[in-house]
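One chain comes next, on its own, written out as structure tokens in the form predicted alone.
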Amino acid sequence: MFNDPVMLSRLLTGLTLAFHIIFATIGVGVPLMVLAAEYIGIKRKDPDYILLARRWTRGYIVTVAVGVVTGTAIGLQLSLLWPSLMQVAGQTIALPLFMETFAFFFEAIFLGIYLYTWDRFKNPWLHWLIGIPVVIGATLSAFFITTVNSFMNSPEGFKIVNGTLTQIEPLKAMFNTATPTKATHVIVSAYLTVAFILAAIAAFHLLRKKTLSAAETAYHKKALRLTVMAGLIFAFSTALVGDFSGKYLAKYQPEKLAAAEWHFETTSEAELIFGGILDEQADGSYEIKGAVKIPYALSILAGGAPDTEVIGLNEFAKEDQAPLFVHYFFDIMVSIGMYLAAISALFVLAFRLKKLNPYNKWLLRGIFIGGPLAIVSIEAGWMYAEIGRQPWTLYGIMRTADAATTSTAVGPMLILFSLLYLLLGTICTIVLLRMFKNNPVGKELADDHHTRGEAMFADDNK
């Protein structure tokens, strides 16, 4: 393995994507939550929500800086590690790659203006309006880069004649068959993940309520309500989009869905397999042991009806099948999504009924756990998406083994980039911890900005 440039290239790219996806997700989701907090703060004349927006923005800036580095690393590795892929597909996907850069700069420009103009407008709605382009830029950045991945799953917009690309249609390549479901799923799941990361922070502080003042407790409760209610919306939205994604796979990449569900024989009324282990038999077939089997569920996922025929993995040659361990990534992603939907629904139900305490320690612990679990779900989802496409880099056109570099320098690159990500992760964690430790909520609730915000809203009420 350590002398195999293909495997080393896959490991390095996977490591980079696994690290970058955390910061990319935060970069997509935080601006929306900041905009929502500031909107509520202005609408309700509540300076606590304005402070929420301020503090979330500060943390966001740090993660953006790290995301720029890791995003640049991905661009570099595409050219160095996958030269054959870029030679064949580079000119076809150049448009979304350029547009992603444009969207990022669009976001960065307005983010700078947004940061500089805090407290500089007499009418606070003007500052809020400046945040809208930041959200648009962040979302478009995710959309454009996801269309590149969608193209790899559904390469369209060109023809290959004698090994040469002809009749290139960049827009058709970008808006390929996979784009609607994949881009929507990536964006909505990013919103969900960030909502739960921020909710976990609020839950963590509320679990330490003995050390909190009344003002701090009120502040964190507002943060928790906003983030968990947003999480509930995005959890169910993600589930809906996931259903559409399942139907896309059943139609266009049936072997990927079959690998995820250990579905070997083509049949209707197909069961959905959760968990379990595979036991390979002497004849090469597999027996599934210890799994939970949900009747008709896979057929419903694939076609919306219990009698939908689902193509089995045995219909495909062994060399065209994805590794069967992708089943576990799929299970992790779906299980965590269901957990996030359940815990957020439980909190909202308890809050609405009034008779139940939504801030009891067990529910707070459940929400706190949801933060890291949401990140795990994002990672598992991308692992399933990428490994599940194997052995193809460009689905049906170019195999991964044919796309990778033959250079012997990939091993040292893997070590160097691993050290870089370790350094970046450590620095980012230290900076964020010190930033908020040196500026605790209690201090900011009593400082000049918060006092002026209360005074401004008091004046508006006169």
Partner chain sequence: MDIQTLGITVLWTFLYGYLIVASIDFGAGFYAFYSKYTKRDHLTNRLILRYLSPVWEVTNVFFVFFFVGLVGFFPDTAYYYGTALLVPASIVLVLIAIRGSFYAFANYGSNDSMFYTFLYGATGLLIPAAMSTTLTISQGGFIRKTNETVEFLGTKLFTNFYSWTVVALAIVSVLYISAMFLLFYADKAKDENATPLIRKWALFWSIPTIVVCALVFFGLKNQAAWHYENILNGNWWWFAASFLFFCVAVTLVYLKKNYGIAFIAVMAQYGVAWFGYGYTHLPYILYPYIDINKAVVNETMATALVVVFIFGLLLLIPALYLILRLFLFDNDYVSGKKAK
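Since the structure is predicted, the reported quantities are computational estimates derived from the model, not experimental observations. Positions refer to the first chain, counted from 1.
Absent from the display: the form predicted together with its partner chain. The rest refers to it.
Contact with its partner chain, judged by heavy atoms within 4.5 Å in the predicted bound form, is confined among 391-399, 40-48, 26-34, 431-439 to 431-439. Within 4.5 Å of some heavy atom of its partner chain in the predicted bound form lies at least one heavy atom of residue 170. Residue 146 falls outside the set of residues with a heavy atom inside 4.5 Å of its partner chain in the predicted bound form. Shown alone here, residue 106 lies within 4.5 Å of its partner chain in the predicted bound form, counting heavy atoms only. Remark: residue 142 does not count among the residues lining its partner chain in the predicted bound form, judged by a heavy atom distance of 4.5 Å or less. Heavy atoms of no residue among 217, 366 and 380 are located within 4.5 Å of its partner chain in the predicted bound form. When you look in the predicted bound form, the only residue of 333, 81, 272, 186 with a non-hydrogen atom within 4.5 Å of its partner chain is 81.
None of 92, 179, 237, 321 but one reaches within 4.5 angstroms of its partner chain in the predicted bound form through a heavy atom, and that residue is 92. Taking its partner chain as it sits in the predicted bound form, the stretch 62-86 comes within 4.5 angstroms of it through a non-hydrogen atom at 62, 64, 65, 66, 68, 69, 72, 73, 75, 76, 77, 79, 80, 81, 83, 84, 86.
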